[in-house]
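Next up: a single chain in structure tokens, the form predicted on its own.
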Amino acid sequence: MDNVQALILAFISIVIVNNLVFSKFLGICPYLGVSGRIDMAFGMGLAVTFVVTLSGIMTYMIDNYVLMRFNLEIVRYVAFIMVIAGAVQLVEMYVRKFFPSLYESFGIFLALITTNCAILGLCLFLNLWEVHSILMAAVMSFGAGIGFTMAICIMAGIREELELANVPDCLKGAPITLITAGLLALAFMGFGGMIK
């Protein structure tokens, strides 16, 4: 029962309290670049969720069963980036084959998931946060993806509404988007300290 409770708290924590976008400011490039429409944002969120979940599990196993066992922590970044790039290639092939219109609308941002610092950050945080089980690593990785999806969909919904609003000319475009991102981060900071 304690393990289940710990997994649930870890999931809620990574989705809401320690959301990588709102609390660590990771993954900002696709967060701002692909949040113009809600359908694109949701697709990008699902793609990132798949990649971060697969990468988190794979890098946890590589780190704990290979790199630390043979004192090869120095190649941790290279190994993690290779795993993330491989996972992105899987997603890219899948989306191109089954959702060609979504693939076209993503443009360069789909390939840029490889350089999404939220994914590499989560893989490194798993070691830093001293996660000691692969199940916990999987839950936290999946939660990080869900948290990213939630963040980018909230931003896309607000941006779609802002197109209908009477925004002053000097704030249209990037300024109102950055102000909105800052206000969202402030709002989610209110959850800080709820779960340690």
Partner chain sequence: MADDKKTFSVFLAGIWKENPVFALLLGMCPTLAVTGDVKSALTMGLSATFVLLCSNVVVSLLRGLLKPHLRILIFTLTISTFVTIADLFLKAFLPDMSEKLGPYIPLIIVNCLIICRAEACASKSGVWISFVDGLGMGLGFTITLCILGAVREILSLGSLFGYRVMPDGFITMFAFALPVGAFVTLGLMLGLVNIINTKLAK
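Small disclaimer: the values here were computed from a predicted structure and weren't measured. For the two forms, the rigid core is made up of the largest set of C-alpha atoms that agree within 1.5 Å on superposition. Positions refer to the first chain, counted from 1.
Here the subject shifts to the form predicted together with its partner chain, a form of this protein not shown in this document.
The single contact residue among 162, 136, 150, 32, judged by any heavy atom lying within 4.5 Å of its partner chain in the predicted bound form, is 32. Although the partner is absent from this view, residue 68 stays clear of its partner chain in the predicted bound form, with no non-hydrogen atom inside 4.5 angstroms. Contact annotation: residue 88 falls outside 4.5 Å of its partner chain in the predicted bound form, judged by heavy atom distances. Although the partner is absent here, residue 28 sits close enough that one of its heavy atoms falls within 4.5 Å of its partner chain in the predicted bound form. Though the partner is left out of this view, residue 114 does reach within 4.5 Å of its partner chain in the predicted bound form, counting heavy atoms only. Contact with its partner chain in the predicted bound form, defined as a heavy atom within 4.5 Å, is made by none of 7, 10 and 14.
Heavy atoms within 4.5 Å of its partner chain in the predicted bound form are found in one stretch of 35 to 43, 125 to 133, 141 to 149, 56 to 64, which is 125 to 133. Shown here without its partner chain, the chain has 74, 77, 78, 81, 82 in 67 to 82 lying with a heavy atom within 4.5 Å of that partner in the predicted bound form. Core-superposed comparison between this form and the one not shown: CA of residue 170 displaced by 2 Å or more.
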